[in-house]
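Shown below, as structure tokens, is a lone chain in the form predicted on its own; questions about how it binds or moves come after it.
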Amino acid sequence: MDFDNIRYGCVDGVARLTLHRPERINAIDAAMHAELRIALDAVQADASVRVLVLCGAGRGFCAGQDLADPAVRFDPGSQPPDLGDVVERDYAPLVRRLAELRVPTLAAVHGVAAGAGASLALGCDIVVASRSASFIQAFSRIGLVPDTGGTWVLPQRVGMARALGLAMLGERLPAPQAAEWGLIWAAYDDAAFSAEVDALAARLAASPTRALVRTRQAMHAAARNTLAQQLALEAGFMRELGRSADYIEGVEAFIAKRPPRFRGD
């Protein structure tokens, strides 16, 4: 598929979606949103895809919303556009789509992930970053609140005190500290970052896809469920997965002391 604002391809079960506006540090505009929808539709429809890697081109992951985008731009003295419409039309569906994708998602962050760019990365199942990368909740700098799911994911990952500090102060959070706080999975040395991402993506692509997605669903549901409800949800997922080809393969491989060959079903 040919795109102007992203790049997309799939090799050996690893779909790679690259934000590609390097001259704007991959800032998101309406045209990029439209292309992201097409690419995510392709991931959802392609049974050969086993994992999605989300990354950015050039010197950073994503600078967030492009304030020059006509959807949000306004002239001094004029009435600003309705930002709630932009969130409801573009960002909320994007976050929900990532959360409901039929394969696990891996965000590979280098350089800066700011504003909606940071929240977009954190909307993936696993987030890794180069040691020189950083995350910035920049919304308060222009009088806004974190969006793209930021107010949902931050308190869950780092606790209320740190979430409020990050959001209210808008300070840069270096990747190693983000990993130490539990905001992301790991921070890798810059020189090894690309190889580490490739290895992790390959590992996820070779894993039991449906089990990983059900794990995501169960953990997301835990925040709103009682213990009894969560136990029932686990039982239902175990009933389903216990009849899957991947479970049979996993047990047979364990007994035979060989690596499993999961098919993702």
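Numbering starts at 1 and runs along the sequence shown. Because the structure is predicted, anything quoted here is derived from the model rather than measured.
The next section is about a form of this same protein that is not shown, the form predicted in complex with a small molecule.
If you check the small molecule in the predicted bound form, you find no heavy atom from any of Ile126, Arg157 and His220 within 4.5 Å. Of the candidate stretches 185 to 193, 98 to 106, 85 to 93, 158 to 166, only 85 to 93 contains residues with a heavy atom within 4.5 Å of the small molecule in the predicted bound form.
A heavy atom within 4.5 Å of the small molecule in the predicted bound form is found for exactly one of Leu40, Cys55, Ala63, Val197: Ala63.
The small molecule is not shown here, but in the predicted bound form it comes within 4.5 Å of a heavy atom of Ala27. Ala178 falls outside the set of residues with a heavy atom inside 4.5 Å of the small molecule in the predicted bound form. Proximity of Ile136 to the small molecule in the predicted bound form: non-hydrogen atoms within 4.5 Å are present.
Taking the partner from elsewhere, Ala121 is found to have every heavy atom lying beyond 4.5 Å of the small molecule in the predicted bound form.
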